[in-house]
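Presented as structure tokens, the chain that follows is alone, the form predicted on its own.
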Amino acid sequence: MALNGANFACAPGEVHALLGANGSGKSTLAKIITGVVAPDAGEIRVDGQTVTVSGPADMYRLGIASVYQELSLIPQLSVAENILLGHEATRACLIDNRAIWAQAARLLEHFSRSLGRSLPIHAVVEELSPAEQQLVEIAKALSRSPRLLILDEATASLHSREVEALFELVRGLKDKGCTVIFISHRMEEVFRLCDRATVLRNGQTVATVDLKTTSPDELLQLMVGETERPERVHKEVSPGRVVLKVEKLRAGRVLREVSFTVRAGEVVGLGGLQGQGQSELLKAVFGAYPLESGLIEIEGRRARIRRPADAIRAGVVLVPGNRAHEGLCLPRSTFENTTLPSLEHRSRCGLLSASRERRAANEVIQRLEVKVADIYQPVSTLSGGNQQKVVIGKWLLNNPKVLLMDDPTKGVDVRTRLELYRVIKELCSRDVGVLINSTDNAELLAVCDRVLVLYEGQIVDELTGDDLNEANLVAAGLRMTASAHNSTRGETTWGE
């Protein structure tokens, strides 16, 4: 349940922040307002009148537009074609390209003037940088001449000059009476730009506050609430040997000078806001994301990991975030999916024994209690939780030294979640080091010995022991530093 009785209201000519921790329901609320997601209950009122929404087209007609957290651009089309997509200028029933180019240029004029450079309206979008693509997405929303504009993490991929240009644009829209809903985890931006803020927690509205009279610490308290540390399912271990060491790792445009270690039998979490480089870090260590520089050592030996096969041979395996596209061969059987990555461990003179393969598959399926009628049943027919067990189980036959897990319990039920925690605990007892990314703070608190907090591709904090609690996790992810541990009360400052 993403939202549970949430309420939200904003006024004309207001910049209103929508805040909350990961999974609080912000993006879902934004998609309901724009007609992308249909609510199960409740109502939407515009200018005091209840409206019936059957899709985004209804909201466009009401003057509501959005810049979504995930870009909605078509990579193969040009900048101009993306900006005017769906309401192109026409002449004699044909698309008028010259008019489209002129309109796109006018919509991008503000950014061109502020940045001192022009965005190429004829360029194909996939050739642009992430920041330029974000500006195109904003111009696309502005092309609807909205009365209400929703910006969902619109500054996440922008540099400082581009952020300033966007803020200048938002203030201009405000002066014209346009309402802007601003969703962001960057508290400094919220306080600079917004008038009021509504805080969501666990799908419910906690409060709406005037930001001029509210401190960062009070906002943090509203987002976190009075929480207790959940019961741990993995007990702290005595420090073992270092099984994974990463030094000054740089990868793509995301990761910058990342250094950390993972010890045998230890569970290290990757925390922070979503999209700060956690998944990319796991893929980089696994060889599935290109490295620019840095050092990776496995059990004290330098590992040259250029592709996943190198990582697997070194004893590093990955449970990816998208099991359907990255973790399974869906048309193939459960049996084949389970044994495929470890065939070389059971082959003799290049030959495989069918009986030996069946024994290996049945061993994993029974060990993880995978519910399947027959091991030859296509893995696509299994439930999401049982598919995830297969993704994890296939690596157990490799006897890994390091297990990388990217949001492993996303989309699985409570019982399966606890079973996966049991597997993690069992692996730790065998001196496997575990590095886990999770969008669920409660999960990090329950299973991890330490949590490394990432922000914009860098590790900005490390939490362990009594400091590892919900308040500090949220504060570190927002680059806020509480003055007292285990409490969000007291003075809070911005991170450097």
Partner chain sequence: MNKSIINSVPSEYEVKPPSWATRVRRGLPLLMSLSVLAIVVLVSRVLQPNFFDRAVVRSNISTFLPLIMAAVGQTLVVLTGSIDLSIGGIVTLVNVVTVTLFGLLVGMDGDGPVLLALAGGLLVGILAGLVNGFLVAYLRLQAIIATFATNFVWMGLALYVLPTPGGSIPQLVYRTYRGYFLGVPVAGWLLVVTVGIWWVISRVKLGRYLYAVGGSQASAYATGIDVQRVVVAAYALCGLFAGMSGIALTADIASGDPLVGGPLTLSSITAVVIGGTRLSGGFGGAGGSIAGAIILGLIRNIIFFANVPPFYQDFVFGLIVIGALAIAAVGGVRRRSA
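Numbering follows the first chain given and starts at 1. Because the structure is a prediction, the values reported are computed rather than measured.
Unshown form predicted in complex with the partner chain; subsequent notes refer to it.
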Subject >> Interface residue in the model of the complex among Ala309, Ala354, Leu94, Cys329, criterion: non-hydrogen atom within 4.5 angstroms of the partner chain >> reply: Leu94
Original post:
Though the partner chain is not shown, can you say which of Lys140, Lys245, Lys394, Arg417 has a heavy atom within 4.5 Å of it in the model of the complex?
Top reply: Lys140
Subject >> Any non-hydrogen atom of Ser293 within 4.5 angstroms of the partner chain in the model of the complex >> reply: no
Original post:
Heavy atoms within 4.5 Å of the partner chain in the model of the complex: does Gln103 have any?
Top reply: yes
Subject >> Exercise: Gly86 in contact with the partner chain in the model of the complex, heavy atom 4.5 Å >> reply: yes
**OP:** Please check if Ser78 has a heavy atom lying within 4.5 Å of any heavy atom of the partner chain in the model of the complex.
**Re:** yes
**OP:** Please determine, with the chain shown alone, which of 430 to 438, 42 to 50, 451 to 459, 65 to 73 has non-hydrogen atoms within 4.5 Å of the partner chain in the model of the complex.
**Re:** 65 to 73
Original post:
Would the partner chain be touched by all three of Gly55, Leu107 and Ile121 in the model of the complex, meaning a heavy atom each within 4.5 Å?
Top reply: yes
